[in-house]
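As a starting point, one isolated chain is supplied in structure tokens, in the form predicted on its own.
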Amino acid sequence: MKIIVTGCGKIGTTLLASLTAEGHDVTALDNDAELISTLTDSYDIMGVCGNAVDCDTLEEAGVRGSDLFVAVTGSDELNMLSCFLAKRLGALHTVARIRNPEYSGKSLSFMRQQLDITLPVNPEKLAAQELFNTLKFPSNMKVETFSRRNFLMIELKLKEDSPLCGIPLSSLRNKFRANFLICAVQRGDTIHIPRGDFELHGGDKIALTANPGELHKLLKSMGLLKKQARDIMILGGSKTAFYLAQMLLSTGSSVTIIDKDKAICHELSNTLPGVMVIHGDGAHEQLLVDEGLRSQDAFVALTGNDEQNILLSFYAASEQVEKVLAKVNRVELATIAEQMGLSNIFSLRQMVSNVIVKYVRALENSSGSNNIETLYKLMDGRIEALEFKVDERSDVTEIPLKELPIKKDILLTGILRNRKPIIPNGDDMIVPGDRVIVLAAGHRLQSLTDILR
């Protein structure tokens, strides 16, 4: 596909890397000539320097006849206007980064319709939702949702004394009397899509899927189900913090936000009644202690500095805070922090990239019978978990799974049928109307039929 990305900051650069890796014809558009030069040297892309709302610049970038125009600059208004112009000049589809809380609900629907924006994306709200989902679970695990939250997939690093270790996977369901599936294991630098005779070791990072009730049962059996986080301290008064605090307040949680910018604190105090807003530098440990860090159930580091988020998260963990989450955008820092024991790390860049890559694949398969509904990257991006909606034209329906010639390193991990979640076995079949969750290592799936050899 021919894709133009304007706004080549942190999110735009991550998106460029993902789209070129997917094999698309990509053009970067930004008004920073030095940045464009760096990007064209780093990636197999075209680069245009100029204003994204200048028609001549858009024409130079090849907007006429392009399949997709993506605007992810730091300005919502610039993103919306450039998408409007791109569509009028011939782009088939447009995606705009829109993150201001004022642009939501009816206002967003109206602007989307009038400006002909195909897909609005709010990175901060996406991040807040992921953080909220994770905070609902009391153990240190990362949680992804599928099939309207009827299926959950968690990533969890096993301790040496984990009750999951040393037992063949085929025996685990009977031991814990819960219906779940361990669908991927990262051991060192090696990724495994395990079979029934596989045994887990301490230090393994696993991906596990189940419906919420069965996952609750498993965690309780493992002794990991402690009280849900109710008192949460958030460091950094970002838009993500605003959205997350809104969600937490709706469930009766107690929220404290700390930020060193007085104007931001004043705004949050006005827009979030019920939240304790503290003006101060969270890098000072005494401030955190004085504001009740040691009595908190969770600590969420959302400053704009990756290093500060990592260091203060380790400090919170050292003060026995049960659940610690950190925003870390730089991949190399996230990897180091995770190896040192910081398990709940998330990246706005990667979330937006996942959403847009999913959308691009859906566009490529727009005439197909199995549309991508959800896409997540797991295990440091080395595995993809995808959800497909199946219709009557699919080639994989009404055939027992054990008879399907499924490619190596692909696993069907869940089926949602009439709101009933199913952990499939070889005798199960996919039928039209199902939502199917697939895990793939080393494969780029656009359609459910791509799982077949």
Partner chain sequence: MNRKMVFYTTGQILLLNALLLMLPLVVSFLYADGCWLPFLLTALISAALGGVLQLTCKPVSNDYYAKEGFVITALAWLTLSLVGALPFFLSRQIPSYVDAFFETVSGFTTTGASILTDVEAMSKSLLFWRSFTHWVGGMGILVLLVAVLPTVSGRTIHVLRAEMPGPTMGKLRPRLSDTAKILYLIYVVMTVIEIILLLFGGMPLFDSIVHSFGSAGTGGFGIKADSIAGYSNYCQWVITVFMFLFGVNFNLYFMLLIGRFRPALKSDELRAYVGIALTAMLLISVNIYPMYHNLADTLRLSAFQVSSIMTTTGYSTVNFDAWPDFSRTILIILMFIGASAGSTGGGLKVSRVVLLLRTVRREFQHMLHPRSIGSVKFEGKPVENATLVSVSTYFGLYMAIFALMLLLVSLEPDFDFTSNFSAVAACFNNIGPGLGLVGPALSYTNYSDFSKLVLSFGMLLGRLELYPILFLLNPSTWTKK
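Numbering follows the first chain given and starts at 1. As the structure is a computational prediction, the values presented were derived from the model and not from experiment.
Here the subject shifts to the form predicted in complex with its partner chain, a form of this protein not shown in this document.
Point to revise | Contact test, all of D306, M340 and R349, partner its partner chain in the predicted complex, heavy atom 4.5 Å | key: Answer is no for this spot.
Check your understanding: Ok, G442, G23, G9, P432: which has a heavy atom sitting within 4.5 Å of its partner chain in the predicted complex?
Key -> Only one listed residue qualifies here, and that residue is G23.
Check your understanding: Is there a non-hydrogen atom of E60 within 4.5 angstroms of a non-hydrogen atom of its partner chain in the predicted complex?
Key -> It does: once its partner chain is placed as it appears in the predicted complex, E60 has a heavy atom within 4.5 Å of it.
**Study point:** N425, heavy atom within 4.5 angstroms of its partner chain in the predicted complex
**Key:** The answer is no: N425 has no heavy atom within 4.5 Å of its partner chain.
Exercise for review: Report whether the minimum heavy atom distance between T27 and its partner chain in the predicted complex is within 4.5 Å.
Suggested key: Judged by the heavy-atom cut-off of 4.5 Å, T27 is in contact with its partner chain in the predicted complex.
Check your understanding: Though only this chain appears here, would D395 touch its partner chain in the predicted complex if you measure heavy atom gaps against 4.5 Å?
Key -> No, D395 sits far enough from its partner chain in the predicted complex that none of its heavy atoms falls within 4.5 Å.
Point to revise | in the predicted complex, segment of 383-391, 398-406, 32-40, 415-423 with a heavy atom within 4.5 Å of its partner chain | key: One stretch meets the cut-off, namely 32-40.
Practice item. Taking only heavy atoms into account, state which residues of 1-22 are within 4.5 Å of its partner chain in the predicted complex, ordered by sequence. Key: The stretch 1-22, when checked against its partner chain in the predicted complex, contributes only K2 at the 4.5 Å heavy-atom cut-off.
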